[in-house]
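What follows is a single chain, given as structure tokens, in the form predicted alone.
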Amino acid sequence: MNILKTTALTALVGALAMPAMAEQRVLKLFTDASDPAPKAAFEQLVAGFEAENPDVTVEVNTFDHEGYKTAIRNFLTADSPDLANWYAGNRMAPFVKAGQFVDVSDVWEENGLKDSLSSALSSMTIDGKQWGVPYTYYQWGIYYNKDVYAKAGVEEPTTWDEFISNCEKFQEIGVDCLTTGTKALWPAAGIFDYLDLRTNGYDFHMQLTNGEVPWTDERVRNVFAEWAKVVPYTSKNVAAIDWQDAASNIVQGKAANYVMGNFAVATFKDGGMTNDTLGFMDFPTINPNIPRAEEAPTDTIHIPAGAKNVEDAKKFLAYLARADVQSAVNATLGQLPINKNSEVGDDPFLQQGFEVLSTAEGGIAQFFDRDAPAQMAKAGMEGFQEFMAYPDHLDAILERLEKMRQRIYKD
């Protein structure tokens, strides 16, 4: 009799539990957060969301960086997840235009994201709609050796003219005004991007990387005219060295300034620099009549068109956009939250970067090799590298890039 009662009770409990179990929903997230810090940040993000949404289980599939670039093109057209990690700006544009990402403008409207995530609004908007939620970025700018500045007797410049004037003083003490390492091409793109953003503004820069402006346009030539002013004061043979080698020039006081992303701070400090000897400044003003735009590669999460659980996916994006969530995620990443109401740790470079990016009324560019198609990006960066070594090749470089533009964007 006891056995029968126990069996009946077990069956009753099981029957009562079934509806609750049926309520449990699954959310599939694919990401390339395979490095230790990003992986930890995503684990923290998922745990926090599940704690607030106990009826949702998030299943994460993590790919390595390179593998993910190929995988996303496959899974968006086949076995799609509910959420996919990607990048802002022109990197998301092909998927948007192909109808592979869901319009999430309602998430932005319902959560006031056009205000709280305003610095990244332009890079998340195509055809007046928002196609994902950004959660982290990092600033680019100019890192400099404070001791070298003191030795040359110069102050931190706010305009390009002041920057070039300082270059003459650095030359007098035998120091390169600007250093970089373009063996891998991309560091030169950071210089070009900022010169274009400061000369012509964000909208023009996006038109150029979208293939809407000829490379032979006079406005493009104006960018290289500004670049030519600093070429004589730039370290020699930059095409033969990596970005880390150029960082050593700053550490050793062989150069004063370096246009670089915030990830380089660790390299500077590993070389012996401290907050007392390493400085950071926003790229100086060239044209005071255009709104200030910045360079900040932005990571994002999107809902693929083939998502099976769109409702919970939108909940996840709203959670991801919150100030407290972005504060916590970026504390783990060592990067910057995009929500302007988030908090940043006591690292002075992150604090400066947060202020610079949060107040960038002109827009946020991603980076030349993210904003331009891969073939155009490679050709452009090769051209930038060549210009730094041979400024007199400019006409040939621009004509070559224009031919590439006509072919690549036509295709």
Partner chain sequence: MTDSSVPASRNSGAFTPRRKLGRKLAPWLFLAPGMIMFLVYVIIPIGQSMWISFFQWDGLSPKSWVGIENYIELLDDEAFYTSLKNNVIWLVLYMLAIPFGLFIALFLNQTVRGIRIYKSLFFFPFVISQVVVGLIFSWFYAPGFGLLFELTKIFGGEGIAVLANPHTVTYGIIVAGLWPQIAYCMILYLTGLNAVAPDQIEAARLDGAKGIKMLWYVVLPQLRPATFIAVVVTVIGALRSFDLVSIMTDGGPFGSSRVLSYYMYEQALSEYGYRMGYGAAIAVVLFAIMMIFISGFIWKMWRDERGL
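Numbering follows the first chain given and starts at 1. Because the structure is a prediction, the values reported are computed rather than measured. Take the two forms, superpose them, and find the largest set of C-alpha atoms that agree within 1.5 Å; that set is the rigid core.
Same protein, other form: the form predicted together with its partner chain, not shown, and the subject of what follows.
In the predicted bound form, residue 95 approaches its partner chain with a heavy atom inside 4.5 Å. Contact check for residue 61: no non-hydrogen atom falls within 4.5 Å of its partner chain in the predicted bound form. Taking the partner from elsewhere, residue 51 is found to have every heavy atom lying beyond 4.5 Å of its partner chain in the predicted bound form. When its partner chain is considered in the predicted bound form, residue 226 lies well away from it, no heavy atom lying within 4.5 Å.
Checking 164 to 172, 97 to 105, 260 to 268, 211 to 219 against its partner chain in the predicted bound form, the stretch whose residues place heavy atoms within 4.5 Å of it is 97 to 105. Distance criterion of 4.5 Å from any heavy atom to its partner chain in the predicted bound form singles out 66 from the list 66, 346, 55, 361. In the predicted bound form, every residue of the candidate spot (77, 240 and 382) has a heavy atom lying within 4.5 Å of its partner chain. The rigid-core alignment places the CA of residue 77 2 Å or more apart between this form and the one not shown. Fitting the two forms on the rigid core leaves the C-alpha of residue 305 displaced by at least 2 angstroms between this form and the one not shown.
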